[in-house]
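First, one chain by itself in structure tokens, the form predicted alone.
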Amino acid sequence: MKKLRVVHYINQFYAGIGGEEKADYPPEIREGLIGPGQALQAAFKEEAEIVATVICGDSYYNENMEESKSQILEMIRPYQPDIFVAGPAFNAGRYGVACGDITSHVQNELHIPGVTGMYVENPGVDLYKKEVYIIETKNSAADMRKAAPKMAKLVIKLGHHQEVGSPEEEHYIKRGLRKNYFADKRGSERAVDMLLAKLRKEKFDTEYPMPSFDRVSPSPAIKDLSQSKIAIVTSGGIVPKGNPDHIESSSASKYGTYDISQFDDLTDQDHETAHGGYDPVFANEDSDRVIPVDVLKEMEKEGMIGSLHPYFYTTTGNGTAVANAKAFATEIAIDLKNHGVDAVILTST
């Protein structure tokens, strides 16, 4: 069985070029493997070889998708790979979108199978799971050691045109596709078996899982804003200058609570954004563009609202896990209630 030729795609961070300040790095291709390619190559053993690595900045790709796609496809062609691998992106949103998008184009336009890897909450999952195989990973690069062998196993199967098993067998995220197969029991028997197992509170696997939606009932409308205390909560990452609590630019593990009682207007001298998922220039020039402190202070003076809560609550929504976001929300909501806040203005980017 021949050794498979693999081309690997990574972003500017994993290439060792830089972080957010280098996110506009244009596409380039280098011979051999770089960064996370070492873990993949070790998992391939002698069955596959990374012959080249494509590098592209996350912002560059997402802001220039058509141009990036065309450039990268032309870079890949001369290497004539048997298979293409992107990432893994874990929970990095723009990286995940780039991995999913370029993998789908490599499959559709170069007719080369591809594999990528992401955390289930990465926005790239919902966008591309029906088009490409996405190995499920944890939410950070700490999972690289476990993710690489899973990706390698599927890469080798696809590269040799072998039959791919179920999501449970191969560890890829369910694609929402159906496949006909012959079962030992007919459907009615299987349904009765599942019902009995459910009644006995035994474990069973449904053949048709239903989507689960987190529904939140809206609160009654505010009857009189002029008597109401309003607070600001944001996922736009606005923080005091210098980001004193070191809130992460992506995949936030914390939020901050900051005093705005002495500010009628936020300026570039006192506030900025820590968010890594959008161009920060305009938010850094005037953070009121993300949290409208200036307007709310004017409304307070004019009696249009009763008062503005003297603290605002902030984190970055960029790639932040839903579990973390829910935990933040629970703590913030308790604090808001304790301070008699009647309504919240929730801003994003």
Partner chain sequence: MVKEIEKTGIPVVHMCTIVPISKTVGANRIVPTVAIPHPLGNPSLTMAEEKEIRRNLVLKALEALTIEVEGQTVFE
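Just so it is clear, the model here is predicted, and its values are computed rather than measured. Residue numbers count along the first chain shown, from 1. For the two forms, the rigid core is made up of the largest set of C-alpha atoms that agree within 1.5 Å on superposition.
This next part talks about the form predicted together with its partner chain, which is not shown.
In the model of the complex, no heavy atom of Ala142 sits within 4.5 Å of its partner chain. A residue is said to contact a partner when one of its heavy atoms sits within 4.5 Å of a partner heavy atom; Glu109 fails this definition for its partner chain in the model of the complex, lying far away. Mapping the unseen interface onto this chain, Gln41 falls outside it, with no heavy atom inside 4.5 Å of its partner chain in the model of the complex.
Proximity of Gly35 to its partner chain in the model of the complex falls outside the 4.5 Å heavy atom cutoff. Contact with its partner chain in the model of the complex, defined as a heavy atom within 4.5 Å, holds for exactly one of Gln80, Ser219, Thr257, Ser261, namely Ser219.
Taking Ala48, Ile55, Val290, Ala52 one by one, only a single residue has any non-hydrogen atom within 4.5 Å of its partner chain in the model of the complex, and it is Val290. Residues placing heavy atoms within 4.5 Å of its partner chain in the model of the complex fall in a single listed stretch, namely 124-132, out of 68-76, 124-132, 142-150, 109-117. Taking a 4.5 Å heavy atom cutoff to its partner chain in the model of the complex, the contacting residues in 273-301 are Tyr278, Asp279, Phe282, Ala283, Asp286, Asp288, Arg289, Val290, Pro292, Asp294, Val295, Leu296, Glu298, Met299.
Core-superposed comparison between this form and the one not shown: the C-alpha position of Glu331 differs by no less than 2 Å.
Comparing the forms between this form and the one not shown on their rigid core, the Cα displacement of Lys146 stays under 2 Å.
In a rigid-core overlay of the protein, Tyr133 has its C-alpha displaced by under 2 Å between this form and the one not shown. Distance between the C-alpha atoms of Ala86 and Ile247: longer in the model of the complex than here (change of 3 Å or more). Whereas the displayed form keeps them at a certain spacing, the CA atoms of Ala141 and Ala327 lie at least 3 angstroms farther apart in the model of the complex.
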